[in-house]
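Here we start with a single chain on its own, the form predicted alone, put down as structure tokens.
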């Protein structure tokens, strides 16, 4: 009975938070899911209408409610375009949590979020075991991207072309790093994220190279966990908080000036969600999360705003690079000019803008797993804009977007390469 009372209170609180929605429909023009399906239920206005009647809908068909709420990339485009400023992303996150509390978390998700991702030692071991065995399942896609595919697993993964796991993860290459900061110098905690540690290791290595070039001391402890956004996006706040606690305990052991990440999603999660959900944990976690969030920066922003990296005049034969604004990086953090400056700091490259540079690429984290057909369709629009720009390279500040871009470019047989802006900058050092 007490649980039902709490559920009712949370549903009423959600109602209060969506009353400002004017049903104007401006979210339709920017919603990538609506662009792919044309269905009103897939746009923010439709989902807010669902949430306003959530109690009745959950009693009628809770699984259908979960599916409708899951048909969203959480890209934030609707929130960024909302005239009355409804905090749509917060509402969607809360609604997914409420539905999850009502119907229960799927056992596989519970195992992944609360055990595997919350125990970095176990997760790292599983990835180390899996990396050498990839060849038994995956085969070379024979593309410019260096991706692999798994036809025998298409029924589960879709016809996805992905970057293989690194043979040697970043944490194995370097172990625990805690460099001494010289007087008057800068020390950063480097948070590579799961994909930077296990898939896009060359990108993470480029970040370390750049930091050391600028005489920045680095703290990168072994045992960092996932930032928690996959669990949170799936409505599993308990799993997210378990992962966050692991990170807070580690990152609170050493003093540093900034925490930098090469992943827009990780940066946004640490800055925006850690302080909010730490309040549920109470105790020391509240102060730790607030302090770390205040120090957290995207690495592109750090290079430009703190280290004063500047663009230079491009060489006459400079390679053309187009830039995709990842949703969390631009819409949540307001970081857009800085990555372009980082690219422009290498005279061998020049930025050429694509159409709809800030439109979602279609990845959306776990959305890509459960709605691959829609993800691929949304990604095709992004691919077309990339190719039409005439660029040789597409850069983006989020490894998840890098993975999505590699997939759609690979399927189209395009020679356009995918890189992180820091990789381009690091080439000249």
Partner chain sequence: MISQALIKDFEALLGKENVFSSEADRQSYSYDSAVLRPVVPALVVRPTNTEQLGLCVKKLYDNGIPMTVRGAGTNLSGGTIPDNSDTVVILTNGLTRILEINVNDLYAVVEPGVVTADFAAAVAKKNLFYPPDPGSQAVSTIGGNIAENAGGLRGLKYGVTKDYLMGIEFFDATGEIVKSGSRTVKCVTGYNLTGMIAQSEGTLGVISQAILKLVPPPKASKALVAVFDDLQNAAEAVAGIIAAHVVPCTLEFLDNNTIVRVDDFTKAGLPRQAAAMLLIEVDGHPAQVEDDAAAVERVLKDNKATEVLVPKDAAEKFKLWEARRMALPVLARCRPTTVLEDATVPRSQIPAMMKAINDIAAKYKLEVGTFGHAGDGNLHPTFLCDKRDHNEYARVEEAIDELFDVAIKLQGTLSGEHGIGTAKAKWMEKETSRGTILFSQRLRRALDPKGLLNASKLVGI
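Residue numbers count along the first chain shown, from 1. None of these values were measured; they are calculated from a predicted model.
FYI, the form predicted together with the partner chain isn't displayed, but the following is about it.
Let me test this: is every residue among 173, 176 and 199 within 4.5 Å of the partner chain in the predicted complex, going by heavy atom positions? No: no residue has a heavy atom within 4.5 Å of the partner.
Residue 34 near the partner chain in the predicted complex, any heavy atom under 4.5 Å? Looking in the predicted complex, residue contacts with the partner chain include residue 34, since a heavy atom lies within 4.5 Å.
Can any non-hydrogen atom of residue 22 be found within 4.5 angstroms of the partner chain in the predicted complex? Yes, residue 22 lies within 4.5 Å of the partner chain in the predicted complex.
Looking at the partner-bound form in the predicted complex, is residue 41 within 4.5 Å of the partner chain by any heavy atom? Judged by the heavy-atom cut-off of 4.5 Å, residue 41 is in contact with the partner chain in the predicted complex.
Residue-level question: is residue 28 within 4.5 Å of the partner chain in the predicted complex, judged on heavy atoms? Residue-level check for residue 28: yes, a contact with the partner chain.
Can you tell me which residues in 78-103 come within 4.5 angstroms of the partner chain in the predicted complex, by heavy atoms? Residues within 4.5 Å: 82, 83, 84, 85.
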